[in-house]
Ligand code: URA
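Take a look at this one chain, the form predicted alone, written out in structure tokens.
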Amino acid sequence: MSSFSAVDVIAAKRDGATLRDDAIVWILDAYVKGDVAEEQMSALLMAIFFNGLNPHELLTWTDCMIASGERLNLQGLSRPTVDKHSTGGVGDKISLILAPLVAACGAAVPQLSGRGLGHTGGTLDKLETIPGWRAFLTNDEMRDQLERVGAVICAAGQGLAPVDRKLYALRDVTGTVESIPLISSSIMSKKIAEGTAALVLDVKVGRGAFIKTIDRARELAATMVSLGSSHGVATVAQLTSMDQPLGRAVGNALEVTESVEVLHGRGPLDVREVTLGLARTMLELVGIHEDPAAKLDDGSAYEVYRQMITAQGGDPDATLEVAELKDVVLSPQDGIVQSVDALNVGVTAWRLGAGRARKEDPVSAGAGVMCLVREGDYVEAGQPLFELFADDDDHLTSGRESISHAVTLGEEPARGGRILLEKISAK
């Protein structure tokens, strides 16, 4: 019989006490086995939400999450391994460009990705709009593709940090998603178990991000960098702005099409800037001295992208689906665009059918928003601001209602601002 009780562990954290290592090990193991009830773990998550975990508690908590499943072994590859993780944003299609780009420069990029939830898009949802492409690979298939192609984007296997799946679902329905210790342990347990030698974290901050303020973004970034470094993973965080959507396309197939444009050396300048900034940091971490801009412009990155899609059963030449119904949102007056609210645009894409409210919900491949203006643009009355795409009238109507306040117009020049804000490295 255990010397621990779930109620005692909950009460200790509720009262602000430091949890013992063996108490953390016990409660996470008991939760996975079903010996700790969902309502008890919900109470503990809420206690952590309010009282946090100190660095040692967080390290033990993360270690237990890693130990709950398997760890991939990527040693022996002919290329150094480096990955990127984004905390989620609106129009964030960077992984689709970045993984083949960094591979074209000589690294191996094992990108284990997820699906969208709420107003943020998921990389797997985007790639699944490509006919034939499959998200699920065995560990051997993943290693083989990394050796042959240099890049793989796929779903995390069921054996990787399985306790995280249970905790993530519970956090989603208990209002504890925004806890920095819980976000950090969720992200880093999977990335450490993935086996990569180096990691760059793209921490989004602003209206369209889960983290709204720069101070909270710094705290989250520093916490994750510390966890990575403690586990022998060379880790750097890049804070990037998510006040307005990234690029023009927001929606699954729309974003794949825009990604291919960037891989051809074209596309929105902000997407290119973020991609190249992250690529340079990733290459620096693994000691590769290549210019990623050259690989983007000479077609090398696009060729690796084609190989990556083909290796996972996809057709890189396929015409991607666009939703049948389209509506154009016009400017009601003349003015200078003061802001394009990323959260509003993300919610609109979700209501058009491009996103999901629950993990099990389906998503539309062709629904979404094309943003035709950016902060600082001058527009005239009647000029198109957005194009909306949906599969049916109900979704189109819902999206039209949501987008109505996404753009703020004024007479003053827009303030503008940097996209790549700052880097945070291990101390």
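Throughout, we count residues from 1 along the sequence that is shown. Everything numeric here is computed off the predicted structure, so don't read it as measured data.
What comes next is about the form predicted in complex with ligand URA, which does not appear here.
Note which of His231, Arg272, Arg248, Lys190 lies within 4.5 Å of ligand URA in the predicted complex, where distance is taken over heavy atoms; exactly one does.
-> Spelling it out, the residue with a heavy atom inside the cut-off is Lys190.
Select from the listed residues Lys93, Lys84, Lys295, Arg171 the one whose heavy atoms reach within 4.5 Å of ligand URA in the predicted complex.
-> The residue in contact is Arg171.
Going by a heavy atom distance of 4.5 Å, is Leu182 a contact of ligand URA in the predicted complex?
-> Judged by the heavy-atom cut-off of 4.5 Å, Leu182 is in contact with ligand URA in the predicted complex.
Considering only heavy atoms, tell me if Tyr302 and ligand URA come within 4.5 Å of each other in the predicted complex.
-> Tyr302: no, not in contact with ligand URA in the predicted complex.
is_contact(Ser186, ligand URA) in the predicted complex, heavy atom dist at most 4.5 Å | Contact with ligand URA, yes.
Just one stretch in 142-150, 72-80, 163-171, 106-114 has heavy atoms within 4.5 Å of ligand URA in the predicted complex, so which one is it?
-> That would be 163-171.
Going through 199-224 from first to last, which residues have a non-hydrogen atom within 4.5 Å of ligand URA in the predicted complex?
-> Heavy-atom contacts to ligand URA in the predicted complex: only Phe210.
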